[in-house]
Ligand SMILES: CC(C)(COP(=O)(O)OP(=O)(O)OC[C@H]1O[C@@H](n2cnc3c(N)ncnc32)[C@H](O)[C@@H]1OP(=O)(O)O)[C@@H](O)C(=O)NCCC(=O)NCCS
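A single chain, nothing else alongside it, follows as structure tokens in the form predicted alone.
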């Protein structure tokens, strides 16, 4: 009989094989080197600092795995690997049955996953979905630099957090990050982008800031390095009061030129399905979809429709 167990019970060899398969998929599909991630997950798994589950088939072989973590009242599921739709459903149901899920205000799945029937499984369990599109553009050689702002500086961190708060709005029940829109959450999010490695290594010399009046920022473009010749536009935000004059497009052009000059072969980014203005901007800039990330949330009270209108960080 198939069964579920805490992932702490899995052997190091089993998890190494699962992590290697996931890492190979990130590299081949996304051109994203996640080599530093998997050893960190393994350390967290073996020391009990990160909870997870494994699914075993009738022969005892591992047929799926997932991990989850509580943060800011949410239960976040950051990966889900499964061999069959039954494995997918069993893993999702097992996460939802944990005490951590019962105590959370919502459960969020944000993952680059090819688990069979994952979207259908989540929909059947009252999750509201807003997928993120992974877009890529090959960088031309000799690109002309746009006239946009100055280099981003760590002293811009607080102003960046405030700009993101203004651009994204407050509470969004589906947004995988900053669920409540509090200033402290935006400060933590901005700090994670520029000091952590969850979205690649931050490259301040390739990132841009456009100063406004009284010490505020009108726009920012934050760039990270994913390895494999891929630069990543981790955040592009334009203050609503200055949209419509082409500043977002100029920032994209400037970032492309700087990344090409630094030797990168391509520029990637993630944009939510609901962010129609940003999607139009990136389509005009020549980005095309390479893959998508599942993004779905199940709030404490079931939603009749997602409140997504506030997630428009950029505009055409």
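Positions refer to the first chain, counted from 1. Predicted model only: the values in this text are computed from it and were never measured.
There is another form of this protein, the form predicted in complex with this ligand, and it is not shown here; the text below is about that form.
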One residue of 89, 76, 111, 167 in contact with this ligand, assessed in the predicted bound form (non-hydrogen atom, 4.5 angstroms): 167
Residue among 53, 41, 281, 30 with a heavy atom within 4.5 Å of this ligand in the predicted bound form: 281
Interface stretch in the predicted bound form with this ligand - options 42-50, 62-70, 266-274, 22-30, non-hydrogen atom within 4.5 Å: 266-274
Proximity of residue 245 to this ligand in the predicted bound form, heavy atoms at 4.5 Å: yes
Distance check, residue 231 to this ligand in the predicted bound form, heavy atom within 4.5 Å: no
Exercise: residue 249 in contact with this ligand in the predicted bound form, heavy atom 4.5 Å: yes
Partner proximity in the predicted bound form: residue 238 to this ligand, non-hydrogen atom cutoff 4.5 Å: yes
